[in-house]
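Heads up, what comes next is one protein chain in two forms, each shown on its own as structure tokens, labelled structure 1 and structure 2.
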Structure 1
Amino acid sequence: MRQFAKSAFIAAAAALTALPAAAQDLTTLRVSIIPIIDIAPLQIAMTKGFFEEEGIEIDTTPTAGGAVGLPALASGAVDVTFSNSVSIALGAAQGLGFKVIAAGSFTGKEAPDIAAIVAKPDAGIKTGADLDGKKLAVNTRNNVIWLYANAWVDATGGDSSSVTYLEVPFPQMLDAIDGGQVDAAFLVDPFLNAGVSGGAVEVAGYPYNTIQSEIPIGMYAVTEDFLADNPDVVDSFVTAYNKGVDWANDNAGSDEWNEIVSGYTRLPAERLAGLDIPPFHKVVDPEALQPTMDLMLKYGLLREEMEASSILADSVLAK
């Protein structure tokens, strides 16, 4: 009903002011999100009206991560899901037909990064070799964090198969280290920043950076069917989203930027100000994504090789 009233109002306004045809009829897209900093461009594009300019209305549904967002995407409960490269690739490998239409978040260009393996300052953990036979906290097993934790341990002289991975939610990781339940944890911002600046933990290494610079992690996916049936809507979504990317990069750290981001993450402004947020991108280079697919094969998440380009739609590739 509200939808109808809104459409009716816009239609009436269009008749009076002769707005472009696209604005007369808003297409609603349901987007599954995780309310973290990574989706700042989407929230910015929503707040700044970029989607409406493209004739789209966004209806976001927060979920507790890819475990819900992607099944919801597969079932058609949502049209677009923000998830991570590993979960999307796993779904695609299971024949769910996921396609990435827009880039989301990337790791940093150089250290210090947004995610790190940390331990108590006096624990003497500096490399993967120091973690042999130890306990490492990851938020979820068999996901992107777990994958790069394995890769880092092996890349820095350790043996990932000797490490015990324990599932600990990010907010509890510092307590788990403090309480001795784990020896180290793969922590992300803002918890990483809080833990390091408070002196509770020290960084042992930046697993993403150690493997590769600017790894594409978060991304927006649709199903192949949705893409085939709604190419124009997808194009409009990507156009509006990319405007949000530009705005986010141009205005990073501004008051308005902080206001929008702390508005949906509920992060206090002072906490947000202390974070170093890498720039957002519009394009996912298949070659930048391929190492992640290869690691998935190496650590048993994939049974056979997967071409990164096979899950990337045209709209996210370089033009």
Structure 2
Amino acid sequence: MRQFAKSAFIAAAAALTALPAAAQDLTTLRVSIIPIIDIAPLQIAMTKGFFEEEGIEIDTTPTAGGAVGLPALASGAVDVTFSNSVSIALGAAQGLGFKVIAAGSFTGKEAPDIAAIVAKPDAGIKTGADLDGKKLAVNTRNNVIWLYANAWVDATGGDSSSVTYLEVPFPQMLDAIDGGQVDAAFLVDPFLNAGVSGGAVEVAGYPYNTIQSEIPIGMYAVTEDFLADNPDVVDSFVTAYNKGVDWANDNAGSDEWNEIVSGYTRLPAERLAGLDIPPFHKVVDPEALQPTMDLMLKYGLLREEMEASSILADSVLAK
């Protein structure tokens, strides 16, 4: 009888040892996000259990833009922030020690793209010159949307200094146009596709493609201190996230992909059908990112030149 009890105890201990990470204690990472297409690989990795396989639980906090999430990162309120290259570089230049650990979203090779300046069909806005003296919605000021909006206005005959940039969260931009609060908006998918396909707005231009193709835009950042103190956790995060990238690229446009994206964007799955999604990436080439740093200097966001490689951790550089 005692032999049986001993055997049962050993078997139970072995079973506990074999339990998957999901059933054991997980390391919780607090992640600031923006509910847009760009974070699809993260949401997929959460849904498919890739983070749990790496011993991580993700606790997300939605924000209106990456610039909003970075102060929370600097203060320690979150561990990882999905933000844009401009806001991350700006914080790094201010001595906040931000470091990119995982790639997020890139723009496409050519138009149509994942982001565009849109206006009412009868607004007569087709170029930057048509926006002179008008109001343009951006999700936050001094971020990548704001920067490339300025660059597009100037590149297409307008005067960016004459444009009034108003901060409007992406989900509310179509309402802001409809209500006349703004004349146009720099909108991203899936809200861009929903507005254009529904006839509420039409595309005036694709700022990213006008300036540069395949721009590294969205990225996941931590502080240098967090990276130094938690290298294994960061590695596990990147491993799980990159599995999400692979799944997203292999299954983009599928019913399951649409259902996952619909769940966090709150858009009906049928409104996501037909989206042309550029491939998600695992690495960032500093040479592809450098033109963004140069534009930041041109438009006064940086006081001196910055090397793009200075904000990239080893985990996001090409091996």
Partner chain sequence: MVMQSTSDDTLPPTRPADAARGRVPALGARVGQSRWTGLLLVLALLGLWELSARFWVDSANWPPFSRVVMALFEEGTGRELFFVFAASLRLMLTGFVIGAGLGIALGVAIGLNRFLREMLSPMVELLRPLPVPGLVPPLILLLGIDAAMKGTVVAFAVLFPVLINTAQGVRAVEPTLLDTARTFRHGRARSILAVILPASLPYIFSGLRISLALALIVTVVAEMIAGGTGIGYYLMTMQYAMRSAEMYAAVVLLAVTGYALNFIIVSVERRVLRWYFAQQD
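Numbers follow structure 1, counted from its first residue as 1. Here the rigid core means the biggest group of C-alpha atoms that line up within 1.5 Å when the two forms are laid on top of each other. As the structure is a prediction and not an experimental result, all values here were calculated from the model.
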{"item": "Form predicted in complex with the partner chain - which displayed structure it is", "value": "1"}
{"item": "Post core alignment: Ser75 C-alpha displaced by 2 Å or more between the two structures", "value": "no"}
{"item": "Core-superposed C-alpha of Ala185 shifting 2 Å or more between the two structures", "value": "yes"}
{"item": "Asp159 C-alpha moves between the two structures by 2 Å or more, core aligned", "value": "yes"}
{"item": "Cα displacement of Ala149 between the two structures, once the rigid core is superposed (Å)", "value": "2.5"}
